[in-house]
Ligand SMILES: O=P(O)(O)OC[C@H]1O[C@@H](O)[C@H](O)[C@@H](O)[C@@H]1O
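Shown here is one chain on its own, the form predicted alone, set out as structure tokens.
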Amino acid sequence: MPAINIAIVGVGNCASSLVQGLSYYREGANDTVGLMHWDLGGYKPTDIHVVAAWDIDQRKVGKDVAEAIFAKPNCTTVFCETVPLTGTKVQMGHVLDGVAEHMSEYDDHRTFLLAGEKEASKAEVVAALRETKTDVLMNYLPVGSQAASEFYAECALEAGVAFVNNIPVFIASDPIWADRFTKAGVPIIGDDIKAQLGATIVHRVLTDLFAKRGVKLERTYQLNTGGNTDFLNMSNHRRLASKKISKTEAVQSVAAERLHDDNVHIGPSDYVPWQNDNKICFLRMEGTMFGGVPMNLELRLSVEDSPNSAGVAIDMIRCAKLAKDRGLAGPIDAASAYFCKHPRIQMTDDLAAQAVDEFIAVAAE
């Protein structure tokens, strides 16, 4: 199979875990650990190569991607210390709302913007995507970056590059954008990546279990804390709206009946600096069983946030490339439903998994 060329927008913790993971598996790590699919439609993780990248942090711009992924403020676990140089340097991106105003209040972030650096224009990004023969553009911008995400989505449309929207701004699930990608003949997967085994996927599976076992879910909360820049960014509640919608709908969509807004609370709660990229989820579910007898479930989940998404991202990349190979356009609904919290069409995870397997089988024929 030919290589899959990817471009990355936002060289943060999630990009770091993805790039580390590509090197980790390329070096012959156990291919049965940490991946949902080793071979996906004929493509392996070792076929993925980073050929372009954009960021706006002076600690990253101008560096090889393999070096930039370890620059501050990135704080995720280093599980692959020998990432070879990629030959791809991080370029200055286009800012728009890709930076929260309040970030300048924190010592580690006061001088991160490149003073006087010329921002990338749409024409320059499109040209870079074409020159590098990029197949898939990965959006890893901060939560709340609606305008910036739309800028790069426009670039993907013009360059004819598949778009994977890993963040909770609504592109693939927005009817207008979905129609634009369909008419342009460009595939898109999104929105808002689900972790491999994170708070939302666990909450969804348990909610679906309540429904299938006849337990009426009365109320639930999911409270999360973390110390990475994602949690710092989300401390600005104006940037949090789409994230809360995405996470809440991911759970509501698999409930036997929708909970009243007063009975469901899902979303990030607090920024705890010393946690770094560790994310802790506190989950409570209250229900009614046979005979009206009450029950409750409490769970505490602790995971490294960014590696938890990287394996899923590798599958999304390969599904996007398969869609591109087949000439598919618009939202790839099976992949979006399985890999994302806020797809255009919600499915239970077992049905979404089945749909993805069928998509892979057809695409690989």
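Don't overthink the numbering: it's just position in the shown sequence, from 1. Keep in mind that this is a model prediction, so the values were computed, not measured.
If you look for the form predicted together with this ligand, you will not find it shown, but the lines that follow are about it.
- Checking 200, 76, 207, 220 against this ligand in the predicted complex, a heavy atom within 4.5 Å turns up for just one residue: 200.
- Contact annotation: of the candidates 159, 186, 195, 138, the single residue with a non-hydrogen atom within 4.5 angstroms of this ligand in the predicted complex is 195.
- Using a 4.5 angstroms heavy atom cutoff to this ligand in the predicted complex, none of 6, 190 and 321 count as contacting.
- Using a 4.5 angstroms threshold between heavy atoms, residue 342 stays clear of this ligand in the predicted complex.
- The closest heavy atom approach of residue 14 to this ligand in the predicted complex falls within 4.5 Å.
- Shown alone here, residue 305 lies within 4.5 Å of this ligand in the predicted complex, counting heavy atoms only.
- Of the heavy atoms in residue 279, some are within 4.5 Å of this ligand in the predicted complex.
- Only one of 283-291, 78-86, 256-264, 241-249 lies within 4.5 Å of this ligand in the predicted complex by heavy atoms, and it is 241-249.
- Residues are counted as partner-facing when one of their heavy atoms sits within 4.5 Å of this ligand in the predicted complex; in 218-236 only 230 qualifies.
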